[in-house]
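A lone chain, given as C-alpha coordinates: the form predicted alone.
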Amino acid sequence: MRTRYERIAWLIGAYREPKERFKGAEMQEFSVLKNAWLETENGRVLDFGTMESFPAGHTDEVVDCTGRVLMPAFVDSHTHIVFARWRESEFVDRIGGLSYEEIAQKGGGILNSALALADADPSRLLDDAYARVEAMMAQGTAALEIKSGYGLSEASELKMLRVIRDLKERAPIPIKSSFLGAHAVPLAYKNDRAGYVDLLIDRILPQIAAEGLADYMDVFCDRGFFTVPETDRLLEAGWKHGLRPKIHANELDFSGGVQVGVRHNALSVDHLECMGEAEIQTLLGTETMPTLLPGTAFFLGLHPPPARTLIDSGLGVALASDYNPGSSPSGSMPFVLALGCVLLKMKPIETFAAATLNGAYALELQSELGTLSPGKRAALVLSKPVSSPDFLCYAYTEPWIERVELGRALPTK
(Lines give C-alpha, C1' and ligand atoms only; values in the text may rest on other atoms or scores of the structure.)
Protein backbone atom coordinates (compact mmCIF):
# COMPACT_ATOMS: atom_id res chain seq x y z
CA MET A 1 0.00 0.00 0.00
CA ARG A 2 1.59 3.26 -1.18
CA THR A 3 0.26 6.56 0.13
CA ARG A 4 1.25 10.03 -1.04
CA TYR A 5 0.56 13.09 1.11
CA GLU A 6 0.42 16.05 -1.27
CA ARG A 7 0.39 19.84 -0.89
CA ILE A 8 1.41 19.69 2.78
CA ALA A 9 1.38 23.26 4.04
CA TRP A 10 3.97 22.45 6.75
CA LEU A 11 5.91 19.18 6.79
CA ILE A 12 7.59 19.05 10.21
CA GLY A 13 10.44 16.81 11.31
CA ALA A 14 11.42 15.35 7.90
CA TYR A 15 15.13 14.54 7.57
CA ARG A 16 17.28 12.54 5.20
CA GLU A 17 20.20 12.14 7.60
CA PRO A 18 19.79 10.26 10.91
CA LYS A 19 19.11 12.43 13.96
CA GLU A 20 19.66 11.10 17.46
CA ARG A 21 18.26 13.99 19.55
CA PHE A 22 18.11 17.77 19.68
CA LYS A 23 19.85 19.90 22.30
CA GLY A 24 19.70 23.58 23.17
CA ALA A 25 19.18 25.90 20.20
CA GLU A 26 18.85 22.88 17.89
CA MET A 27 15.33 22.40 19.25
CA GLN A 28 14.25 25.62 17.51
CA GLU A 29 15.63 24.29 14.24
CA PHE A 30 13.34 21.25 14.01
CA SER A 31 12.79 20.97 10.27
CA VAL A 32 9.76 22.72 8.70
CA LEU A 33 9.30 22.22 4.95
CA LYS A 34 6.54 24.26 3.30
CA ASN A 35 4.39 23.16 0.35
CA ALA A 36 5.69 19.62 0.53
CA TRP A 37 4.89 16.01 -0.21
CA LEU A 38 5.69 12.77 1.62
CA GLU A 39 5.27 9.23 0.39
CA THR A 40 4.92 6.06 2.45
CA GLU A 41 4.68 2.40 1.57
CA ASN A 42 3.46 -0.41 3.81
CA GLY A 43 3.92 1.69 6.92
CA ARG A 44 7.44 2.98 6.17
CA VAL A 45 8.55 6.41 4.92
CA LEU A 46 9.74 6.27 1.29
CA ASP A 47 10.64 9.85 0.42
CA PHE A 48 9.65 13.50 0.71
CA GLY A 49 10.34 16.88 -0.86
CA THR A 50 8.77 20.13 -1.99
CA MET A 51 5.96 20.18 -4.52
CA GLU A 52 8.43 21.57 -7.08
CA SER A 53 10.09 18.15 -6.99
CA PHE A 54 6.82 16.22 -7.03
CA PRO A 55 7.42 12.62 -8.27
CA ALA A 56 5.55 10.86 -11.02
CA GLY A 57 4.44 7.27 -10.60
CA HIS A 58 1.68 5.05 -9.25
CA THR A 59 0.26 5.43 -5.78
CA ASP A 60 -2.64 3.65 -4.09
CA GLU A 61 -3.89 6.58 -2.03
CA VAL A 62 -3.49 10.34 -2.33
CA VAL A 63 -4.13 12.54 0.70
CA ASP A 64 -4.68 16.25 0.04
CA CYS A 65 -2.93 18.13 2.89
CA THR A 66 -3.79 21.67 1.81
CA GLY A 67 -3.54 23.99 4.82
CA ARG A 68 -2.47 21.15 7.09
CA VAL A 69 0.49 20.20 9.29
CA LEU A 70 2.05 16.76 8.86
CA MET A 71 4.44 15.80 11.65
CA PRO A 72 5.93 12.75 13.39
CA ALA A 73 3.66 11.01 15.86
CA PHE A 74 4.39 11.48 19.55
CA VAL A 75 6.54 9.30 21.78
CA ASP A 76 5.35 9.40 25.40
CA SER A 77 8.37 8.34 27.44
CA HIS A 78 6.87 8.40 30.97
CA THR A 79 3.50 6.92 32.01
CA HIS A 80 1.88 4.85 34.77
CA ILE A 81 -1.20 3.61 32.90
CA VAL A 82 -1.58 0.19 34.57
CA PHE A 83 -3.66 0.94 37.65
CA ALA A 84 -6.76 -0.45 39.35
CA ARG A 85 -8.78 2.70 40.03
CA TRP A 86 -8.79 6.46 39.75
CA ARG A 87 -8.07 8.75 42.73
CA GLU A 88 -10.48 11.66 42.32
CA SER A 89 -11.09 11.81 46.08
CA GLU A 90 -7.50 12.98 46.52
CA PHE A 91 -8.14 15.64 43.89
CA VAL A 92 -10.89 16.97 46.14
CA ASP A 93 -8.56 16.75 49.17
CA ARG A 94 -6.01 18.93 47.39
CA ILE A 95 -8.70 21.46 46.56
CA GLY A 96 -9.38 21.47 50.31
CA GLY A 97 -5.77 22.39 51.04
CA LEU A 98 -3.84 19.14 51.49
CA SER A 99 -0.56 18.82 49.63
CA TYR A 100 0.53 15.80 47.58
CA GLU A 101 3.02 14.89 50.33
CA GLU A 102 0.42 15.26 53.10
CA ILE A 103 -1.94 12.93 51.26
CA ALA A 104 0.89 10.40 50.87
CA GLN A 105 1.75 10.61 54.58
CA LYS A 106 -1.89 9.74 55.41
CA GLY A 107 -1.62 6.52 53.40
CA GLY A 108 -3.04 7.97 50.19
CA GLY A 109 -1.29 8.62 46.91
CA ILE A 110 0.89 5.79 45.66
CA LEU A 111 0.00 3.61 48.67
CA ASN A 112 -3.69 4.04 47.82
CA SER A 113 -3.05 2.76 44.28
CA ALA A 114 -1.00 -0.14 45.64
CA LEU A 115 -3.84 -1.21 47.94
CA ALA A 116 -6.28 -1.27 45.02
CA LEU A 117 -3.93 -3.10 42.71
CA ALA A 118 -3.22 -5.91 45.17
CA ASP A 119 -6.77 -7.24 44.73
CA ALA A 120 -7.15 -6.39 41.04
CA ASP A 121 -7.73 -9.09 38.45
CA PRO A 122 -4.90 -9.08 35.86
CA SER A 123 -7.27 -9.45 32.92
CA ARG A 124 -9.22 -6.41 34.05
CA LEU A 125 -5.99 -4.45 34.50
CA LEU A 126 -4.98 -5.44 30.98
CA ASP A 127 -8.29 -4.49 29.38
CA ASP A 128 -8.46 -1.13 31.19
CA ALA A 129 -4.86 -0.28 30.32
CA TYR A 130 -5.36 -1.24 26.69
CA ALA A 131 -8.36 1.08 26.48
CA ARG A 132 -6.05 3.88 27.69
CA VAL A 133 -3.47 2.93 25.06
CA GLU A 134 -6.13 3.08 22.35
CA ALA A 135 -7.20 6.55 23.50
CA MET A 136 -3.57 7.70 23.49
CA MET A 137 -3.01 6.34 19.98
CA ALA A 138 -6.07 8.25 18.76
CA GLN A 139 -4.40 11.42 20.06
CA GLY A 140 -1.21 10.78 18.13
CA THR A 141 0.95 8.64 20.43
CA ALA A 142 2.94 6.02 18.51
CA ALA A 143 5.10 4.64 21.34
CA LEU A 144 5.14 4.83 25.12
CA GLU A 145 6.76 3.66 28.32
CA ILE A 146 4.80 2.16 31.24
CA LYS A 147 6.09 1.84 34.80
CA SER A 148 5.26 -0.57 37.55
CA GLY A 149 5.29 0.89 41.07
CA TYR A 150 1.68 0.49 42.14
CA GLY A 151 2.47 -2.99 43.43
CA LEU A 152 5.03 -2.43 46.20
CA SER A 153 5.15 -6.17 46.93
CA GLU A 154 6.70 -9.10 45.13
CA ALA A 155 3.38 -10.50 43.91
CA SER A 156 1.86 -7.19 42.83
CA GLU A 157 4.96 -5.78 41.12
CA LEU A 158 5.30 -8.98 39.11
CA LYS A 159 1.57 -8.85 38.31
CA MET A 160 1.92 -5.30 36.96
CA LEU A 161 4.96 -6.10 34.84
CA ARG A 162 3.27 -9.19 33.39
CA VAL A 163 0.28 -7.04 32.43
CA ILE A 164 2.67 -4.62 30.70
CA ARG A 165 4.26 -7.58 28.89
CA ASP A 166 0.81 -8.60 27.66
CA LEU A 167 0.11 -5.03 26.57
CA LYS A 168 3.29 -5.10 24.50
CA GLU A 169 1.99 -8.17 22.70
CA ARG A 170 -1.47 -6.74 22.12
CA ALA A 171 -0.69 -3.16 21.12
CA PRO A 172 0.32 -2.23 17.54
CA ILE A 173 2.91 0.27 18.83
CA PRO A 174 6.21 -0.11 20.72
CA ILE A 175 5.87 -0.17 24.51
CA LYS A 176 8.80 -0.13 26.95
CA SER A 177 8.49 -1.22 30.60
CA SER A 178 10.22 0.15 33.69
CA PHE A 179 10.51 -1.57 37.07
CA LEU A 180 9.56 1.05 39.69
CA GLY A 181 9.28 -1.05 42.82
CA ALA A 182 11.04 1.86 44.56
CA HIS A 183 8.05 4.16 44.03
CA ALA A 184 7.25 4.43 47.74
CA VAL A 185 7.96 2.48 50.92
CA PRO A 186 4.95 0.20 51.61
CA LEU A 187 3.25 0.33 54.99
CA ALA A 188 4.51 -3.16 55.86
CA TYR A 189 8.09 -1.80 55.70
CA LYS A 190 7.42 1.60 57.24
CA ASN A 191 9.96 0.90 59.99
CA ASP A 192 12.31 -1.20 57.85
CA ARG A 193 13.28 0.77 54.76
CA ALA A 194 16.49 -1.21 54.33
CA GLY A 195 14.47 -4.42 54.41
CA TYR A 196 12.29 -3.20 51.54
CA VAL A 197 15.31 -2.19 49.46
CA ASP A 198 16.76 -5.66 50.14
CA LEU A 199 13.50 -7.24 48.97
CA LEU A 200 13.63 -5.30 45.70
CA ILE A 201 17.27 -6.19 45.08
CA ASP A 202 17.46 -9.76 46.35
CA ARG A 203 14.06 -11.22 45.44
CA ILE A 204 12.11 -9.13 42.93
CA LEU A 205 14.87 -8.02 40.54
CA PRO A 206 16.14 -11.57 39.88
CA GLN A 207 12.62 -12.73 39.09
CA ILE A 208 12.06 -9.80 36.72
CA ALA A 209 15.32 -10.57 34.95
CA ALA A 210 14.50 -14.27 34.71
CA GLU A 211 11.18 -13.50 32.98
CA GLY A 212 12.48 -10.55 30.92
CA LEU A 213 9.75 -8.32 32.33
CA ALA A 214 11.45 -4.91 32.30
CA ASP A 215 13.51 -2.76 29.95
CA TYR A 216 14.55 -0.16 32.54
CA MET A 217 15.05 0.41 36.26
CA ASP A 218 13.33 3.36 37.96
CA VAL A 219 13.53 4.87 41.45
CA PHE A 220 11.63 7.81 42.96
CA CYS A 221 14.65 9.67 44.35
CA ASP A 222 13.13 12.61 46.19
CA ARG A 223 12.25 14.07 49.55
CA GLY A 224 10.03 11.69 51.49
CA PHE A 225 10.64 8.78 49.12
CA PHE A 226 14.06 7.22 48.39
CA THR A 227 17.42 8.71 49.38
CA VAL A 228 20.52 9.04 47.24
CA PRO A 229 22.31 6.12 49.00
CA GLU A 230 19.23 3.91 48.54
CA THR A 231 18.97 4.96 44.90
CA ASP A 232 22.66 4.19 44.39
CA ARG A 233 22.13 0.63 45.63
CA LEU A 234 19.02 0.10 43.53
CA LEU A 235 20.44 1.45 40.28
CA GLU A 236 23.63 -0.55 40.68
CA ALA A 237 21.54 -3.68 41.23
CA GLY A 238 19.43 -2.87 38.18
CA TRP A 239 22.50 -2.55 35.97
CA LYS A 240 23.67 -5.99 37.14
CA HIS A 241 20.48 -7.36 35.60
CA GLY A 242 20.86 -5.31 32.40
CA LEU A 243 18.33 -2.62 33.34
CA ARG A 244 19.46 0.90 32.47
CA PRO A 245 18.07 3.63 34.77
CA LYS A 246 15.21 6.00 33.95
CA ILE A 247 14.50 7.73 37.24
CA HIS A 248 12.15 10.17 38.98
CA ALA A 249 14.26 13.04 40.26
CA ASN A 250 13.96 16.51 41.80
CA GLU A 251 10.18 16.82 41.68
CA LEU A 252 9.77 17.94 45.29
CA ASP A 253 13.24 19.10 46.29
CA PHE A 254 16.89 19.42 45.25
CA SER A 255 17.19 15.75 46.08
CA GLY A 256 20.46 14.72 44.43
CA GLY A 257 18.43 12.61 42.03
CA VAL A 258 19.93 14.23 38.93
CA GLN A 259 23.47 13.62 40.13
CA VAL A 260 22.90 9.99 41.09
CA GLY A 261 21.06 9.39 37.81
CA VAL A 262 23.92 10.77 35.72
CA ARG A 263 26.46 8.85 37.83
CA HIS A 264 24.70 5.65 36.76
CA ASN A 265 24.36 6.77 33.11
CA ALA A 266 20.58 7.06 33.31
CA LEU A 267 18.82 7.22 29.97
CA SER A 268 16.61 9.96 31.42
CA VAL A 269 15.95 11.88 34.61
CA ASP A 270 12.28 12.85 34.85
CA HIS A 271 10.21 15.60 36.53
CA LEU A 272 12.95 18.15 37.42
CA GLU A 273 10.81 20.85 38.99
CA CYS A 274 13.77 21.65 41.29
CA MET A 275 16.81 22.46 39.15
CA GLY A 276 19.80 24.72 39.71
CA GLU A 277 23.16 25.40 38.14
CA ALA A 278 24.72 22.34 39.78
CA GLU A 279 22.12 20.03 38.20
CA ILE A 280 22.50 21.69 34.79
CA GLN A 281 26.28 21.35 34.85
CA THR A 282 25.89 17.71 35.86
CA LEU A 283 23.70 17.02 32.81
CA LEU A 284 25.70 18.92 30.18
CA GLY A 285 27.74 16.63 27.95
CA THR A 286 26.04 13.43 29.14
CA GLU A 287 23.82 10.87 27.41
CA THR A 288 20.99 11.54 29.92
CA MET A 289 17.79 13.15 28.60
CA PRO A 290 16.04 15.63 30.94
CA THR A 291 12.36 14.73 30.70
CA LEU A 292 9.72 17.23 31.79
CA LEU A 293 6.15 16.38 32.81
CA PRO A 294 4.16 19.62 32.68
CA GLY A 295 0.84 17.83 33.25
CA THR A 296 1.99 16.98 36.76
CA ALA A 297 3.08 20.53 37.57
CA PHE A 298 -0.24 21.78 36.22
CA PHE A 299 -2.40 19.29 38.11
CA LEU A 300 -0.56 19.52 41.45
CA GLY A 301 0.08 23.25 41.28
CA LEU A 302 3.86 22.77 41.48
CA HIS A 303 6.42 25.28 40.32
CA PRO A 304 6.96 24.29 36.67
CA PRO A 305 10.30 22.76 35.68
CA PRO A 306 12.62 25.44 34.20
CA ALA A 307 12.54 24.30 30.59
CA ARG A 308 13.66 27.66 29.27
CA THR A 309 16.75 27.68 31.48
CA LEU A 310 17.62 24.09 30.55
CA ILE A 311 17.31 24.70 26.82
CA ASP A 312 19.13 28.04 26.92
CA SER A 313 21.95 26.28 28.79
CA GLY A 314 22.41 23.90 25.88
CA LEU A 315 20.41 20.91 27.11
CA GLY A 316 17.73 19.11 25.19
CA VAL A 317 14.48 18.17 26.89
CA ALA A 318 11.78 15.59 26.25
CA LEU A 319 8.12 16.10 27.10
CA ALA A 320 5.93 13.28 28.41
CA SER A 321 2.46 12.95 29.91
CA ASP A 322 3.15 11.14 33.24
CA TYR A 323 -0.36 9.70 32.73
CA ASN A 324 -1.38 8.30 36.13
CA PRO A 325 -4.43 8.32 38.43
CA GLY A 326 -3.03 10.61 41.11
CA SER A 327 -0.99 13.49 39.73
CA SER A 328 -1.59 13.59 35.96
CA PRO A 329 -4.81 11.87 34.87
CA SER A 330 -4.40 12.53 31.14
CA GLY A 331 -2.49 10.87 28.30
CA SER A 332 -3.11 13.68 25.81
CA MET A 333 0.16 14.65 24.17
CA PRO A 334 -1.51 17.58 22.34
CA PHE A 335 -2.34 18.97 25.79
CA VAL A 336 1.27 18.38 26.87
CA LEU A 337 2.42 20.48 23.89
CA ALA A 338 0.18 23.32 25.00
CA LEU A 339 1.40 23.08 28.59
CA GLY A 340 4.97 23.11 27.32
CA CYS A 341 4.28 26.53 25.85
CA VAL A 342 2.01 27.98 28.52
CA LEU A 343 3.74 26.69 31.67
CA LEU A 344 7.30 26.02 30.54
CA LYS A 345 7.64 28.94 28.09
CA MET A 346 8.85 26.68 25.31
CA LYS A 347 8.30 27.70 21.71
CA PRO A 348 5.85 25.52 19.77
CA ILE A 349 8.59 24.15 17.50
CA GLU A 350 10.60 23.18 20.61
CA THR A 351 7.65 21.25 22.01
CA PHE A 352 7.33 19.35 18.72
CA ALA A 353 10.99 18.28 18.94
CA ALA A 354 10.63 17.41 22.64
CA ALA A 355 7.53 15.25 22.16
CA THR A 356 8.83 13.36 19.11
CA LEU A 357 12.56 12.77 18.57
CA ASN A 358 13.70 13.59 22.10
CA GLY A 359 10.95 11.38 23.51
CA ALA A 360 12.05 8.61 21.16
CA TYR A 361 15.64 9.04 22.37
CA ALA A 362 14.42 8.67 25.97
CA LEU A 363 13.13 5.20 24.99
CA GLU A 364 16.02 4.26 22.66
CA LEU A 365 13.63 4.36 19.70
CA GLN A 366 15.21 7.22 17.75
CA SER A 367 16.25 4.93 14.89
CA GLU A 368 12.58 4.02 14.29
CA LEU A 369 10.52 7.00 15.43
CA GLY A 370 10.67 10.72 16.14
CA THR A 371 11.36 12.02 12.62
CA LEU A 372 9.88 11.36 9.19
CA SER A 373 12.92 9.93 7.44
CA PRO A 374 13.19 7.42 4.58
CA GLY A 375 13.17 3.90 6.00
CA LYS A 376 11.70 4.87 9.34
CA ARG A 377 8.31 3.85 10.62
CA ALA A 378 5.65 6.08 9.01
CA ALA A 379 4.17 7.11 12.35
CA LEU A 380 2.62 10.48 11.73
CA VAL A 381 -0.07 12.95 12.70
CA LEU A 382 -2.00 15.04 10.16
CA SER A 383 -3.81 18.14 11.39
CA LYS A 384 -7.02 19.67 10.19
CA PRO A 385 -6.58 22.90 8.19
CA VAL A 386 -4.90 25.45 10.49
CA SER A 387 -3.50 28.95 10.16
CA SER A 388 0.02 27.93 11.26
CA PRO A 389 1.82 25.15 13.18
CA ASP A 390 1.69 27.36 16.28
CA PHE A 391 -2.08 26.83 16.32
CA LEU A 392 -1.54 23.24 17.51
CA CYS A 393 -0.24 24.54 20.85
CA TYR A 394 -2.34 27.70 21.00
CA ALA A 395 -5.82 26.15 20.71
CA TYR A 396 -5.34 23.74 23.57
CA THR A 397 -8.85 22.22 23.62
CA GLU A 398 -9.38 22.24 19.86
CA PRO A 399 -9.51 18.68 18.41
CA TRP A 400 -7.03 19.52 15.65
CA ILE A 401 -5.97 15.97 14.72
CA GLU A 402 -7.51 14.75 11.47
CA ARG A 403 -5.57 11.54 10.90
CA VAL A 404 -3.10 9.35 12.78
CA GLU A 405 -0.89 6.69 11.18
CA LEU A 406 1.12 4.39 13.41
CA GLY A 407 3.43 2.89 10.80
CA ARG A 408 4.78 -0.62 10.64
CA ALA A 409 7.44 -2.33 12.71
CA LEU A 410 10.41 -3.91 10.97
CA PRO A 411 10.06 -7.68 10.59
CA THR A 412 11.84 -9.70 13.25
CA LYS A 413 14.90 -11.55 12.05
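Everything numeric in this text was worked out from a predicted model, so none of it was measured. From 1 onward, residues are counted along the sequence shown.
The form predicted in complex with a small molecule exists for this protein as well; it is not shown, and the discussion that follows is about that form.
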item	value
Option touching the small molecule, based on a heavy atom within 4.5 Å in the model of the complex, out of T288, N324, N250, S332	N324
The small molecule: the contacting residue among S156, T296, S177, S255 in the model of the complex [heavy atom, 4.5 Å]	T296
Proximity to the small molecule in the model of the complex (heavy atom, within 4.5 Å), stretch among 76-84, 236-244, 332-340, 278-286	76-84
Contact of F226 with the small molecule in the model of the complex (heavy atom, 4.5 Å)	no
Residue contact check: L205 to the small molecule in the model of the complex, 4.5 Å heavy atom	no
4.5 angstroms heavy atom contact with the small molecule in the model of the complex for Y216	no
Any non-hydrogen atom of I110 within 4.5 angstroms of the small molecule in the model of the complex	yes
